[in-house]
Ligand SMILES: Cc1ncc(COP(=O)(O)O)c(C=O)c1O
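A single chain comes next, written as structure tokens; it is the form predicted on its own.
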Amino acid sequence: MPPAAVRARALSVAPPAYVYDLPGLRAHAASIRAAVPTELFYAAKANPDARILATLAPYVDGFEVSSGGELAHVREVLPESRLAFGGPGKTDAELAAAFADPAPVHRIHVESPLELRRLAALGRAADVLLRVNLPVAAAGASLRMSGPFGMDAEALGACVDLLARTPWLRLRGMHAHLASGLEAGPLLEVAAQVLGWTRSWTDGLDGLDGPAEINLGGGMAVDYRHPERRFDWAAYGAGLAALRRPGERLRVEPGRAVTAYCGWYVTDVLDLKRTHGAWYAVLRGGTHHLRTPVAKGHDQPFTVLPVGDGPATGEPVTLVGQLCTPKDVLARNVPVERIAVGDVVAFAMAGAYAWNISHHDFLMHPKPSVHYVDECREPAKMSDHPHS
């Protein structure tokens, strides 16, 4: 069930819409900040909404961006923020943009020897982390980062050789984001493996500029099937404190686990029909606004806010959108007390990888508006929104 303020806003806006709970986000971010004893960067790819970024700024040490577009956007929203620039396939223009005003990028995460050579060719001073791709165990991971992400030991050696000839590039340490969807215990096991490997590789390494920095990435689990279960930040923070050596600088980059819970996708029921013995509610909008359930293979949690007086059912129902594809399913065969034509449906956990990974223009339906539970301000239109 949405918080009272979110529920009130959901019932007052014209669907489809996103509603972001900024007080809830502040409280969640503050609890993460209190639990985690390392540097904390927010992965902007999870949700780059301008007011989301501004809300998080007091609780994080910086922001991780993964494209030239994200870099420009976060710089515009928060021009004084520290930025880490990662992601495979950086273009020459994107690498050059790392040095643009108002402030150079704090750290560049290098993905390959060729990328390092292209960066060196710019002739500009930069602080870099080498992204490693280690064959570590990650039991229970929903996603493993392999292949194009990072380097193996042979490629790392080539980078070290190049760095010895390019003193304007300062090696600060290593970056390793290896898996996603892990609870605190398994994620700490991955961290221990990464730290052990990195220490053995960097101890005594010529060219390392100061104590080694180790970026452990993100990957904290978010359980869409059980929204009340949240990642155990206290256990994770205590575990990191125990793993860290004196003088080591550790950094983590959570995204989804920070903002998923603050967002709601609000729509309404346009049609309700029974086909081959099963009930279907056809909603305004669909997975072109909220692709997460299709991408992750789950039923998006939702609450029905009864306001309609059209045809209704209390049997299990499948919630679908307006797209001309059978893949446009938000939740499948879910029990409901009642759902009727005209009812408002508020999908929870829509604060990360929702609008910004969706195929917005398929069938060219209207874009949702964006509303915030906080100060009273005019809603943003998606056509003018930093997501679009």
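Not measured: the values here are computed from a predicted model. Numbering starts at 1 and runs along the sequence shown.
Just so you know, the form predicted together with this ligand exists too; it's not on screen, but the next bit is about it.
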- Message: Is it the case in the predicted complex that Lys45, His175 and Ser180 each bring at least one heavy atom within 4.5 Å of this ligand?
- Response: yes
- Task: Examine Met220 and determine whether its closest non-hydrogen atom to this ligand in the predicted complex is within 4.5 angstroms.
- Result: yes
- Could you confirm whether His289 comes within 4.5 Å of this ligand in the predicted complex, counting heavy atoms only? no
- Exercise: Gly285 in contact with this ligand in the predicted complex, heavy atom 4.5 Å: no
- May I ask you to check whether Pro254 falls inside a 4.5 Å heavy atom distance of this ligand in the predicted complex? yes
- Message: Partner absent here, but in the predicted complex, which of 162 to 170, 100 to 108, 255 to 263, 189 to 197 has residues with a heavy atom within 4.5 Å of this ligand?
- Response: 255 to 263
